[in-house]
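What follows is a single chain, given as structure tokens, in the form predicted alone.
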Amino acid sequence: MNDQALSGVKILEYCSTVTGAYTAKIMADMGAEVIKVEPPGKGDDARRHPPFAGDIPHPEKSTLFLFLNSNKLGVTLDVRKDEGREIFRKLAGDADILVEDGPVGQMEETGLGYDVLKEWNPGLIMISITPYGRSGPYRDYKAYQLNLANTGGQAYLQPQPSVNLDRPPVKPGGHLTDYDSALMAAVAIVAAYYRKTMTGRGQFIEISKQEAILNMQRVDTLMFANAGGVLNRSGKLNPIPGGGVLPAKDGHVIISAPEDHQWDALMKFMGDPDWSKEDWCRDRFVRAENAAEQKKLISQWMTQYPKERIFHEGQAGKVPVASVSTPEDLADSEQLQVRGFWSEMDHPVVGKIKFPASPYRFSKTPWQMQRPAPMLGEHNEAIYNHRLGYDRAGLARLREEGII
């Protein structure tokens, strides 16, 4: 295999479910060696999270786990046991980066805090990802995506734009809150690793998911701090003429045409309807005051045509429009097929499944599918025997004592 951007970088992952696992996956996909540590017997909680391949609940068939952990090695280890902690310290001693996303204080309580591990490995970069950070009155609070989507402001902004200012906030779909936090964590790690290449020294990084999410909403945060309102929840600040999600004949499209040239292109695309020449459509400011009525008229026209026709013909006419894609649309997308976005994972239990590749294209260090997500404890022998020096009898003893 060709070298990748992060070939030679060694990462130890001690995480559960999404945020930390995705942080490490980003770097595994760039060629870093990631050893994922899971509890013996049950493994990562993501293994029990649907959807499952074939709709059959199974710890090796969670598609969430399969996605988050491709290109990683996987071992089992109980760090609550003395020998388990000793093994973990050895693994951390050989790592460039340690990613953990447990509760505040968990690593310190098990004798695996940064102050301990840096004595074994001064070059170690350790990142701790928690809901609210390691300080402040919320430091010990637990949170799921529903909590964080609201405390970080994401839920308040959904959907976009909002015409009903009285509706309750809603959680964004999927695991968006967790993925956004992971992106911030990965950026921080790469910056710390760059510094390490110059100094040889590691450092400790902590990430607050709440602050990461707030940072992702920076335009709205800035607007409220300075204007006392939020773009997506204020009728005065955010009426979008010709904008929003609109019904088509076979689905939906989304249009954003607030500027005069965009509005003119949209009206030309629609055949210059008579109502568009009325005084209440003369400029962007007047159109903004009448956006709701315009949206009804535009919607009536859009429902006559398929969304893909509106998308392609509208784009050709310089209208800022796109079709709203369903999962089926994306799986069959010609654009994504040509780009090679869909790859194939061949898993020992699941078999061959279509799998997202990467959103980036390196000319010299391309993305590679090096291995599918590990089965529980799949690489115990490779890591404990061949790297740490345990023989087969020692490995059997570790299993019998519940250490691995």
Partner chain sequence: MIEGKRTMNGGPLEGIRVTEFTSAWAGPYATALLAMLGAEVIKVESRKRPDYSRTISFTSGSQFSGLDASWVYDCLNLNKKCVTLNLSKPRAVDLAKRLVSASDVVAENMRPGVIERLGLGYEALRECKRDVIYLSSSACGQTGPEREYSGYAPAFAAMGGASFITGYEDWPPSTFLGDIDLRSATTAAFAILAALVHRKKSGEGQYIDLASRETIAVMVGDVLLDYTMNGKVQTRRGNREETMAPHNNYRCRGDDRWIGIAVATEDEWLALCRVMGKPELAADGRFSDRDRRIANQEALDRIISDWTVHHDSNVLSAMLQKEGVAAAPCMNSEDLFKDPHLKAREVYQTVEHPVIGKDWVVAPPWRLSETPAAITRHAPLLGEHNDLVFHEMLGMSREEIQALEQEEVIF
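Residue numbers count along the first chain shown, from 1. In this text, all values refer to a predicted model and were calculated from it rather than measured experimentally.
We do not show the form predicted in complex with its partner chain, though everything after this point is about it.
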Of 183, 265, 291, 297, the one that lies within 4.5 Å of its partner chain in the model of the complex (heavy atoms): 183
So which of 113, 258, 123, 306 reaches within 4.5 angstroms of its partner chain in the model of the complex, heavy atom to heavy atom? 258
Within 4.5 Å of its partner chain in the model of the complex, heavy atom basis, the matching stretch of 269-277, 321-329, 105-113, 73-81 is 321-329
Close approach of residue 90 to its partner chain in the model of the complex, 4.5 Å, heavy atom: no
So, in the model of the complex, is residue 400 in contact with its partner chain at a 4.5 angstroms heavy atom limit? no
Does its partner chain get within 4.5 angstroms of any non-hydrogen atom of residue 54 in the model of the complex? yes
State yes or no: in the model of the complex, is some non-hydrogen atom of residue 207 no more than 4.5 angstroms from a non-hydrogen atom of its partner chain? yes
Let me know which residues along 19-35 have a heavy atom within 4.5 Å of its partner chain in the model of the complex, or say none if there are none. 22, 26, 27, 30
